[in-house]
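Just one chain follows, in the form predicted alone, and it is written as structure tokens.
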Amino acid sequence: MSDQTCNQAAKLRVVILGSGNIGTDLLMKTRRSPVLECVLFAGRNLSSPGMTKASSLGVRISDRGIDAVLDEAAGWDLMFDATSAIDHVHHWSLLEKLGKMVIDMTPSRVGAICIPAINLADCLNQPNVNMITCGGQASMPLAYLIGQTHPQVDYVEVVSSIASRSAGPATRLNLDEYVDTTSGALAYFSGCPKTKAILILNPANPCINMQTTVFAKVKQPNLDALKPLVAAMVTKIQGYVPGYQLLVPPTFENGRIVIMVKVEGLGDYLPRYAGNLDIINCAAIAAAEEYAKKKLAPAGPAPDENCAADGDYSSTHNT
């Protein structure tokens, strides 16, 4: 069996709804995946840059949005919703009855919140999986570890700074939802009820890379326990977000723990400075690939000697 046949036998049919920056970058990442195939790219404007890109790649496109997705429900297995939080609420009311997995790229708070490095296995049986926000994907693993190593955390704050050019119309439309969803996820993963999320759109030119800082107010810091866990977590995240980098390891100052990370994008469709979009997309692809592995493996043929038998899809995220 050739490598091509091996890959063709293990493709999960994917639909992407939303032809903006998030959706188009997801398309590029999906095309590189050995287990995902985009069978429909749907939006509202056939002349948008995303639609033009998809068409140039030979991907089927439609300007009928959710209607096209519903009409072709028999032809796909998983959908990425890369529209807006308000739109996703409506979309889910139509999609729920289909019994198919939907990965929500918006801060709608409809589905199960997912951080692949923390709780991916728990999310694979959920019909609607929410990728929170870019700041959420960057900060939640760190806030989670702080909560795991400190019995009492009085306050957690996350500040993310991104290039203004990387924030498209949907991102700006969802700023309130971004703050609410990120704050709620912080409380969930850290165990601290008092949280705050801040997003800064930096107009600097040249554009900056995404940077996220986690502040946690604690009375008895345990950096000896926290530091090795953070180092291991960063390595784990780099398995699906190669541009995730630790800038400031756990430090205690002024009664609070401080950790800072930077995210550089892969440059699949967007500039490398758009790490904020890249991290949430990489996380979504990691979730989709693991779902594909679970869904397709039981019914698939016996592994060929030329096929990966251990389900290692790490090549998807390599530059």
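Residue numbers here begin at 1 and follow the sequence given. These numbers were taken from a predicted model, which means no experiment stands behind them.
The protein also exists as the form predicted in complex with a small molecule; that form is not presented, and the subsequent description refers to it.
Residue contact with the small molecule in the predicted bound form: S33 places no heavy atom within 4.5 Å of it.
Under a 4.5 angstroms non-hydrogen atom cutoff, the small molecule in the predicted bound form lacks S190 among its neighbouring residues. Under a 4.5 angstroms non-hydrogen atom cutoff, the small molecule in the predicted bound form has G43 among its neighbouring residues. The small molecule is not drawn, but in the predicted bound form it has no heavy atom within 4.5 Å of G99. Note on the partner interface in the predicted bound form: the residue among V179, L95, A170, V230 having a heavy atom within 4.5 angstroms of the small molecule is A170. In summary, the region of this chain contacting the small molecule in the predicted bound form, judged by heavy atoms within 4.5 Å and restricted to 230-238, 216-224, 116-124, 77-85, corresponds to 77-85. When contacts are defined as a non-hydrogen atom within 4.5 Å, all of L17, T106 and I280 contact the small molecule in the predicted bound form.
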